[in-house]
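Next comes just one chain, in C-alpha cells: the form predicted alone.
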Amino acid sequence: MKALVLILTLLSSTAFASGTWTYWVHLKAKDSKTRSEISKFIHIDQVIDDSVYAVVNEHDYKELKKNFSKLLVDHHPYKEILPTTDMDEFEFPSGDEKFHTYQEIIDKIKELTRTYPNLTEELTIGNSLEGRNLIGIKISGAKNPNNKFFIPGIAFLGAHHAREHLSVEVPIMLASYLLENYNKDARIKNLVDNREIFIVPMVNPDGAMYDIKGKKYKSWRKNRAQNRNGTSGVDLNRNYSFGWGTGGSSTSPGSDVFMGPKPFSEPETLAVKEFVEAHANIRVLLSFHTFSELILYPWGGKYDGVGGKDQQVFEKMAQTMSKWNRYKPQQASDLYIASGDTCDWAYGTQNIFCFTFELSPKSMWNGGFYPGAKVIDKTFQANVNPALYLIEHAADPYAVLNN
C-alpha cells in the first residue's frame, strides 16, 4: 500500500497532455509471450514476477481495456494539472534543476570543446523535427594525418525517449569525466589517445523539452511528429529498420509505441543511421534509457539469440559490466518483444555490438522516470567502469573471450 501511495503521489504531481487522461496500470502477464502481446499496444515500464506495470496515455488504456480486460488488475487515472508558470519556459520542475535542458547541453559541449580543444570536436549529426540541432561531442587524442590509420570508435546515445532525462545525464557526465581525467589517469589517457568516442546526449530534444515545458513533467515518451490523425509523436526506439513492425510496436499513431509510417520516417532516427553508417570504425554502441537497472543486448525483436561467437561476446560483456553496476544482464526479448529498436538495427545491419542500459531506479516504486536529481551522481558512478570497459574493447570486442 505504501508503494502504491508513492506512485500516486509521483503521478499526481505530473502534468500530462492537455485534455487527456493518463493511467497507471497493473496487468497480469505470466510469461514473456503474454508480455509480448501486451507490448504491441503499450510500453511496459516494469516487470515483477507475473505482473507488469506501466504509465499509459488514454489511447493505450482504451486498447488495454479492449484487448486485455481479463488481465487488467488495477488502474488509476490522472487528469492534467495545469502549470502555473510560463508554458514557454523549458526548465525542470523545482528540485530537479540539476538535470540539463537542451540549451544547457549545448552550453556544456561548447564549454568542453573550448577547454579541451586538442581532444574534442563539436558534432551536429542532424536536426530534429522541430529544427533543433542533434548535438554531440567527439573525444579523441589520436593523431591520424590523412586518415592513415584505423582508429576504433564507440558511440554513446541518450534520450531516445523524452521522459528519460537521466539518460542524458550519464553520457554528458561521461564526456566531462574523460576529459577532466585525461592528464590524471593513465588508463583514460591511453583510451582517449587510441579511440574515437562519439557522445550524443539527447537524440530526442523536441520530446525531452516538451516533457518539461512549463516546469511540469508530462510523462511524454515520443518525438513531436504531427501524425495524420491529429495525434503527436513517434516512438523513436521502434522506428529503426531492422525487424521494423514485426512485434512489440503499434501501427496506431496515438500509441506510445507508434512505430511511425515507415522505417526512419523521423529525422532523429535517420540522423543516427546516417552518422553511424558514415563512421565505419564504430564497433560498439551504448544506448542509455531508463528505468529498471538492466543490461540488454540483441535480439529485442525476436526470441532467438544471435548465436555463435557473437552470442558469447554479448553475454560475456554484459555479465562483466553487471559486476560493476549491479544491473541484470539479459537478452532484450527475455522481457518482451520490441522491434525496430536501436540495438537490433546497429547489430543486425552494421555488425556493431550494441547494448541498452536501462538506468536507475530499479522500479517505479523508487521514482520511475522521475527519480529526482539525487540519483544522478550515483547512477553515473555505477556506470563509469562499464563505459570504460566498452571503450577499451571497441578495438576488438572478441578479445573479451580470451579473458
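Predicted model, so just to flag it, every value in this text is computed and none were measured. We number the residues from 1 along the sequence you see.
The discussion below concerns the form predicted together with ligand 0X9, not included here.
Margin query: Please identify, from 177-185, 95-103, 158-166, 127-135, the stretch that has a heavy atom within 4.5 Å of ligand 0X9 in the model of the complex.
Written below: Going by heavy atoms within 4.5 Å, the stretch is 158-166.
Next item on the list: Answer with yes or no whether L296 is in contact with ligand 0X9 in the model of the complex, where contact means some heavy atom within 4.5 Å.
Entry: Looking in the model of the complex, residue contacts with ligand 0X9 include L296, since a heavy atom lies within 4.5 Å.
Margin query: in the model of the complex, is there a heavy atom of ligand 0X9 that lies within 4.5 Å of any heavy atom of E358, even though the partner is absent here?
Written below: Answer yes; at least one heavy atom of E358 falls within 4.5 Å of ligand 0X9 in the model of the complex.
Check: For Y336, is any heavy atom within 4.5 Å of ligand 0X9 in the model of the complex, or not?
Finding: Y336: yes, in contact with ligand 0X9 in the model of the complex.
Checklist line | in the model of the complex, R238 touching ligand 0X9 (heavy atom, 4.5 Å) | finding: R238: contacts ligand 0X9 in the model of the complex.
Notebook entry, point to check: Any chance P152, N194 and I199 all have a heavy atom within 4.5 Å of ligand 0X9 in the model of the complex?
Noted result: Verified in the model of the complex; spot residues all out of contact, no.
Item checked: Residue (of S219, T120, T290, S255) lying close to ligand 0X9 in the model of the complex, criterion heavy atoms within 4.5 Å -> Of the candidates S219, T120, T290, S255, T290 is the one lying within 4.5 Å of ligand 0X9 in the model of the complex.
Next item on the list: Work out which of V170, A332, V276, L285 lies within 4.5 Å of ligand 0X9 in the model of the complex, going by heavy atoms.
Entry: Result of the distance check: A332.
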